[in-house]
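The data below hold one chain only, encoded as C-alpha cells and taken in the form predicted alone.
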Amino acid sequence: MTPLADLLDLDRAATTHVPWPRVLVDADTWLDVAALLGEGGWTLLSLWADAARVHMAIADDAVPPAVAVVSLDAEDGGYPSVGRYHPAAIRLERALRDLSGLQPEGLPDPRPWLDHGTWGVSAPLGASQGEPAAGTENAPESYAFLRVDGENLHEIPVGPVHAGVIEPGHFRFTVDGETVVRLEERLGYTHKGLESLLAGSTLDHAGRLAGRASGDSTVAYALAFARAAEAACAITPPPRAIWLRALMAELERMANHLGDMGAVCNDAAFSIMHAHCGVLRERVLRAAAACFGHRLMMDRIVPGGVAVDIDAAGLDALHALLREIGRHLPQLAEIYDQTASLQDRTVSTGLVRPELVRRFGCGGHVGRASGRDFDTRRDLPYPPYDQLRFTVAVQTEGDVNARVWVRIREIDQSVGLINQILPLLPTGAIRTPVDAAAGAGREGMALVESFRGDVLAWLRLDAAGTVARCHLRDPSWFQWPLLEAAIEGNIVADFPLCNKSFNCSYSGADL
C-alpha cells in the first residue's frame, strides 16, 4: 500500500483547493496513479473534466484514508485512460468524453454513455460544442450491446420503460433457459444537463439544483454541495445548523431504508412486510414535514446553514416517531428473519464478491453487505458525527439477505443517532451569511454519506463568486456495474429482487 504523499508532491498542491489537496501532475504520474488504483491499493472517488483539464479524486487505504485530487492537462484533446487499468473508471470516462469531448486514450469500452444521439450538440461542456455527425455510434438505434456467444442462448430486452412508477433504464439479459449468463445495462435516459445548469449559477441556486440530482437523496446532495461551497468560501455554519443537518440526514436515511426493506420483501411476494414498512416510512416523512416543512426536506440545507428551524411541535413529532420505530422495527426484523419463504428467496441470491466491492470502491449498503467497512461519517468524519457514537453495520455474505440486514441495522443506528442529537442540539442562529465573492477563484470539495453511500461534490467558483464548474458523483456509479455481476447465475425472476436490494439511482448516475 503506497501512501498518497509518497507519490504526489503535495507541496505543489493548489492552495485554493480545500479541504483536500489538488495536485497538477504529468502524464507519467497520472498513469502511476491509475496503475495503483488497478492494483487495489487506492480507491477511485470520481473522475471529471474542467475545460481542457481532467481531474481524478482518489483515496488511499490508510486509516484514516488520505484524500487528494490529481489533475492533468489534456494535450491535443486527449489523456491516458484510467479505465485501461481500473474498470471502475470506465463509465465515468465514457460520460466525461460525452460531456467534454476529451478523449480517454486506450479506453477499453469506446461506446457513448450519456449521449444517446438526441442532444442536437456534442460535448456540451467542452471548449466548443459541435454538431453530432449523422450515423455515428451514439445514434439511438445503433448502440451495440456486447455479444455473448454460445449454444441455446437468447436475449431478453427489458426497458427503458418499466411497469409502475420507476425511472427509465434498459437491461439486456443473455440467458440460458432461465439462468442469466450476462446482464448489460444502458442508462442515461434521465440525463438532465445538470452540470451545464450548475455552471454560472449563484451558490443558492446551485444548491437547489444539487438537491435535485437524485430526489431521494436531496438532503445528502444539498449537504455535500453546501459543505463544498463553505470550504471554498472559508466559512463555518452555526453549530445549531450543523446538528440540524445531521438530524435531516438520519431522517432521510431511515425513510429510504424502510422503503427499500419493504420493497425487497414485496418483490419476494411478501406484501405484508411491504405494507408495514410503508406505514413506518410514511411516519418518518410526516415527522420530517412537521419538523422542517417538507416531507423530503428539499431546499432545507443551504450554503451557510439551514433554511428552517425546528420548533417544539417538531420535537414532539420526532420523539413520537422514535418510540414507534423502536417498538416496531424489532418485530419486523424478527418476521423477516423467521419467514422461510423470504429467506428462501433472499439468502444466497445476488452475491457480490468482497474483492469486487473493494476493487470498485463500492460504498453504502451494497459495499458493507460484502464486507467493505467504510462510512464517511466515521472514516472521513464531518461534524457533528465526530462527536456522536454509532456502529457501522457490516455483513460479509454479500447477498440480498445481507443487504436487507445492513438496512435494518442502519435504521436502528439512525434511531440511536437522533436520540443523541436531540438533547445536544445547540441554541442560536441557523445560518451564516455567505460572501461568495470571498471564494472567487477557489475550489471546494466534500464527501457526505447518503443512504446509498458516499456522495461527492466538487466546485470551482469564478471571479464573481458564481459557480464556474460543479461536479456531483452519486454512489450508484460504483454500484450499477456490480448489479451486472450479482445477477449472473441467478434466474431471470430474481432480477427484480436483486435490483431492489441494490436500489441504485438512475437520476444520480445520469447527471
Partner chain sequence: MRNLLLDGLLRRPVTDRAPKLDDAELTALAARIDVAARRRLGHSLAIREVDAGSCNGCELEINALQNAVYDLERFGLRFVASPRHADVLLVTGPVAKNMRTALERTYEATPAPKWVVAAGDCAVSGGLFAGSYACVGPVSAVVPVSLAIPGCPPTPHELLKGLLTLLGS
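Residue numbers count along the first chain shown, from 1. Since the model is a prediction, treat every value here as computed from it, not as a measurement.
One more form of this protein should be noted, the form predicted in complex with its partner chain, which is absent from this view; the next part is about it.
- Three-residue candidate spot Ala290, Pro354 and Arg473; no residue lies within 4.5 angstroms of its partner chain in the predicted bound form by any non-hydrogen atom.
- Stretch-level contact analysis of 265-273, 101-109, 343-351, 304-312 against its partner chain in the predicted bound form, using heavy atoms and a 4.5 Å limit, identifies 265-273.
- Within this chain, Arg431 is remote from the site of its partner chain in the predicted bound form, having no heavy atom within 4.5 Å.
- Interface membership of Arg323, defined by any non-hydrogen atom within 4.5 Å of its partner chain in the predicted bound form, is ruled out.
- Mapping the unseen interface onto this chain, Gly188 counts among the residues with a heavy atom inside 4.5 Å of its partner chain in the predicted bound form.
- Although the partner is absent from this view, Trp119 contacts its partner chain in the predicted bound form, with a non-hydrogen atom inside 4.5 angstroms.
- The contact residue chosen from Leu425, Leu72, Val175, Leu194 relative to its partner chain in the predicted bound form is Leu194, the criterion being a non-hydrogen atom within 4.5 angstroms.
- Contact annotation: of the candidates His162, His154, Arg389, His319, the single residue with a non-hydrogen atom within 4.5 angstroms of its partner chain in the predicted bound form is His162.
- In this stretch, 470-505, the one residue having a heavy atom within 4.5 Å of its partner chain in the predicted bound form is Ser505; the partner itself is omitted from this view.
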